[in-house]
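Before any questions on binding or motion, here is one chain by itself as structure tokens, the form predicted alone.
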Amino acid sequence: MIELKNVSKIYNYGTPKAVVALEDVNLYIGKGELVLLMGPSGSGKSTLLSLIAALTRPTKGIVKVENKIVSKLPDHFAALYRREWIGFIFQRFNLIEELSVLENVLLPLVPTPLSIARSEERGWEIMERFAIEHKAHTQVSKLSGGERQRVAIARSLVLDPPIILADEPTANLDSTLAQQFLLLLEKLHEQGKTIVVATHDPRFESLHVDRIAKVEEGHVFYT
């Protein structure tokens, strides 16, 4: 389902400040697989997720999803691709602090043809699924870290995307909430979602993962 072929990413390419984030990476992820990208901070894990999501383009090489090249999509089409295919759970949540929980969850539905009534119905369904509906009208800035994480997850899944990308999803959670998140990933995996998690949290290795890819200094090694 996901293929990175001979991919390199160099920030500030062609300048004295060039930084090699990834070098000649080949990565293959099958449909419905749960794959961990394990490695320390700065190893290139987040860059890999950004490339899969077409949030950034490789310096060389190609990224394919369902045999379609997504690494060369113009910005408008990249946004459409993300809306249809990708649910991204960011490490820092990327929520809009001034908006309510419900408003944040509904944001991905704004460009869709769904009616306001159906959008709100979908928003309530997903909030209930992640036990955050009781905070629907609470401003995000007033939530705890665990509550924000649940809002971020609900928002990422409100469009029911086939691919879920998670960047250090337990970094801001205590041990109890982290364990709850692991159980959630197991359920999503059982439902057939393709899941890629970038993490250095060893607790993820307790999951029934399909593969673990070690990321070290911009290189990827399967274990």
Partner chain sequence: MNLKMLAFALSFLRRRLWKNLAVFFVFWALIFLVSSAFLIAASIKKELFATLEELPQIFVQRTIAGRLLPSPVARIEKIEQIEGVEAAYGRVWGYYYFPAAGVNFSIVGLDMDMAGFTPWMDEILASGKEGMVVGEGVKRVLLSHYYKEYFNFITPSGDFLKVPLVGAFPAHTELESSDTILLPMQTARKIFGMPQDQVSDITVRVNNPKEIATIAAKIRVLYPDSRVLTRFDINAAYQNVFDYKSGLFLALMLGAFFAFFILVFEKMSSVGKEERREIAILKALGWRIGDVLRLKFLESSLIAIFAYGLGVVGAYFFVYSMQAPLLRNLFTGFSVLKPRFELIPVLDIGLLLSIFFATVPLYLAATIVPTWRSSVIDPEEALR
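Everything quoted here is computed from the prediction, not taken from an experiment. Positions refer to the first chain, counted from 1.
The same protein also has a form predicted in complex with its partner chain, omitted here; what follows describes it.
- Here the chain stands by itself, but in the model of the complex one stretch of 171-179, 30-38, 52-60, 192-200, 52-60, has heavy atoms within 4.5 Å of its partner chain.
- Judged against its partner chain in the model of the complex with a 4.5 angstroms heavy atom cut-off, the residues His76, Arg92 and Val110 are in contact without exception.
- Contact between Glu147 and its partner chain in the model of the complex is not found at the 4.5 Å heavy atom cutoff.
- When contacts are judged by a 4.5 Å heavy atom cut-off, Leu114 counts as touching its partner chain in the model of the complex.
- Contact annotation for Glu103: at least one heavy atom lies within 4.5 Å of its partner chain in the model of the complex.
- At the 4.5 Å threshold, heavy atoms of Ala131 stay clear of its partner chain in the model of the complex, well away from it.
- Residues Ala79, Leu80, Arg82, Arg83, Phe90, Arg92, Asn94, Leu95, Ile96, Glu98, Leu99 are the ones in 79-102 with at least one heavy atom within 4.5 Å of its partner chain in the model of the complex, listed in sequence order.
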